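Form predicted on its own, single chain, as structure tokens, below.
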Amino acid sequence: MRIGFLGAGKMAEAILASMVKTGLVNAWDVMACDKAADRRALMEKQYGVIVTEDAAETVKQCNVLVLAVKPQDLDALLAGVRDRFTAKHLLVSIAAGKTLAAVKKAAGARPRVVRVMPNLALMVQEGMSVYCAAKNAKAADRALVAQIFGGAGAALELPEKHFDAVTALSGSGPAFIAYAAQAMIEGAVALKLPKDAARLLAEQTLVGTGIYLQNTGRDIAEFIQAVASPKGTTAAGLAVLEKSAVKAAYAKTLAAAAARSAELSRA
């Protein structure tokens, strides 16, 4: 198996690095294609992969192609190599907002297509990636995508109809969670805690809580109550949250992000 990356930006680098690190592929079986000379140089030096600026050559050499260019550049890229695709090609698109139908329309009927919505945490091997497959994709294609993205975090297959909500929750979610962390840091600084200490406390609390919930599978409402002893400090803080519009604000935040995702998909 030879894997080509059409686009070698930060997200592509994170996926590529994970594949090489986990031994899913050998570096010499990976080709990174990008117009930017500095990105090609970095990929070659850092990971020992083959680099090129020739998209057609990448399609010729590789049977699995990760489409990692900006969404607005995807149609032009596929138009330039459309005639070179065969039924042996698997296209894995991480272009945000580009539906399976849009990719298939631009790429033609021959290649198989899987769409993936990853998030920024791929860069630290803790990403959340959700994928869906076109009807012509094989079970082996789904398994390969799960393996590629699961090596850099977690991967989940869902029907494409859920992708606007997925984009809002896990795609945009890191920014929304970081916003909450930022607010907690600012609140701690207002209580005279040094800013560096406040950031470390907030970050580690965020990481630890996420890992605990994921590893134990504990009911979240039950976990909250376990931390909040009666008439204690947590209960005092929770009383403020319960009286505020935090839950409604987060619901509106996700709805707005999902609506924008739907708009971009129709563009």
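Numbers for residues come from their place in the sequence shown, where the first is 1. Not measured: the values here are computed from a predicted model.
Omitted here: the form predicted in complex with a small molecule. The next part is about that form.
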query	finding
Heavy atom within 4.5 Å of the small molecule in the predicted complex - residue from Leu144, Leu77, Ala188, Ala178	Leu77
The small molecule: the contacting residue among Gly108, Gly153, Gly173, Pro71 in the predicted complex [heavy atom, 4.5 Å]	Pro71
Per-stretch contact check against the small molecule in the predicted complex, the hit in 180 to 188, 110 to 118, 155 to 163, 133 to 141 (non-hydrogen atom, 4.5 angstroms)	110 to 118
Exercise: Ala36 in contact with the small molecule in the predicted complex, heavy atom 4.5 Å	yes
Residue contact check: Ala95 to the small molecule in the predicted complex, 4.5 Å heavy atom	yes
Contact of Leu193 with the small molecule in the predicted complex (heavy atom, 4.5 Å)	no
Interface membership of Gly4, the small molecule in the predicted complex, 4.5 Å heavy atom rule	no
